[in-house]
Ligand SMILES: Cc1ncc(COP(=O)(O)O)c(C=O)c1O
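This document opens with one chain alone, in structure tokens, the form predicted alone.
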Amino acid sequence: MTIKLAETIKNLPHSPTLWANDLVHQKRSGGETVYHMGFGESPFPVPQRLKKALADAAYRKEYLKADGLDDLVEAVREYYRPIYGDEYISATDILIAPGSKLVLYALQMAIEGDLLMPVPSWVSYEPQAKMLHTEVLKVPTTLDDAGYHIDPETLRATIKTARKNGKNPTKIIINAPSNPTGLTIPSEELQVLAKVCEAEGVLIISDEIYGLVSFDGQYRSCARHAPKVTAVTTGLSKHLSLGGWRIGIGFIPRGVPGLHNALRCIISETWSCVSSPVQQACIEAYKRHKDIEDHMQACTDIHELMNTTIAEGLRSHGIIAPKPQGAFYNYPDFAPFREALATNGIKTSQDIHEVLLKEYNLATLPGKAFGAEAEILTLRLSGCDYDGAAALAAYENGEKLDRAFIKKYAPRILQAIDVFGAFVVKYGKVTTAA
């Protein structure tokens, strides 16, 4: 008798972001110099207050409620009240999960029907849908210095065409500031999108894990615009560099009958609860302590410096690179070099990614991993390859955030920009026979 893997899982690739990180660690452990733009892990240290809170809670060993520790749930509710408004906060339930990724997965699991996915989108949305045997309906976007744009009429047409073809679009995941682009959906456009989804009976799953890493300090969300049909996922991994603590937050709208209870049932049969000591410690992250809030702002300022410098450097080499508005990312487009790259055998985003890795030890991710068609010549770049503790200490000690700061504390960022220049010089010119 042969025991077989499920087809859905057998054909599922390893997460591209985690694959890139593993590869870089392997290369660096072998003594190689690698420029790491493939994984978005914020590099800053854990604030002292949170380290102490975790140590103080180390004795906590009990199982907690599926929803999460009451004091943490209440702290989260009050922290986000001025951000989302009383109407949304009073009409939602809150769940604590081991990372926002599982909240996203549980929401996809709980809501029947097909997923609307703007492209490009984060790498895990589509694989999660496929694991749940859900069809993915891609929605085109446009990217520019003004942000990440989803045309409302295109979204409406996508929904109606899908229904006409026997599909059942019932949920959409939006993400702003966006991974992979570092761009934000403008507030006025979010409002219109929310109305389309509300009118069409589509649940909005608003992935706001980067919401507090917005370079202009403005928090943008659909929550205020469509409170009855917007579920929000967030957490502490990005603005507080606590990815390994695995704390995710879900705001679940009561406007969708039975959704909260369905999610609690999923929790009860899967992760049970998040680590007791971690939940206890994270209460301090939501009390608006000045030292924590100052830490978040300082980290955001440094992220802005690194990623806007990357965009400027790419543009100086003739690469299309919208100016990032938040998060840690750039999403450059090599379309101006399409003809020349093709003459050199480089025809897809995967090809660009492979050449950069093989010839220059520069780790990136191809746009294809984020839902783009293979021939769209985009990459996702993360601007986190530096010693965050040293950079943060220097900034807090008054050092100016400028190119000299990057040269001193994040030299691989500048070296990676130079690599792109070398790549364009070598492969970005049409070659002709002698």
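All figures in this text were calculated on a predicted structure; none of them were measured in a lab. Start at 1 and count along the sequence shown; that's the residue number.
The following text describes the form predicted together with the ligand, which does not appear among the structures shown.
Between 92-100, 142-150, 261-269, 196-204, the stretch whose residues reach within 4.5 angstroms of the ligand in the predicted complex through a non-hydrogen atom is 92-100. Candidate site formed by L104, N179 and K238: every one of these residues places a non-hydrogen atom within 4.5 angstroms of the ligand in the predicted complex. At the 4.5 Å threshold, heavy atoms of Y210 reach the ligand in the predicted complex. When the ligand is considered in the predicted complex, T184 lies well away from it, no heavy atom lying within 4.5 Å. Heavy atoms of T364 never reach within 4.5 Å of the ligand in the predicted complex, leaving it off the interface. When the ligand is considered in the predicted complex, Q325 lies well away from it, no heavy atom lying within 4.5 Å. Interface residue among W122, F337, F251, Y84, judged by heavy atoms within 4.5 Å of the ligand in the predicted complex: W122. For the candidate set N175, S221, N307, S349, a heavy atom within 4.5 Å of the ligand in the predicted complex is found for exactly one residue, namely N175.
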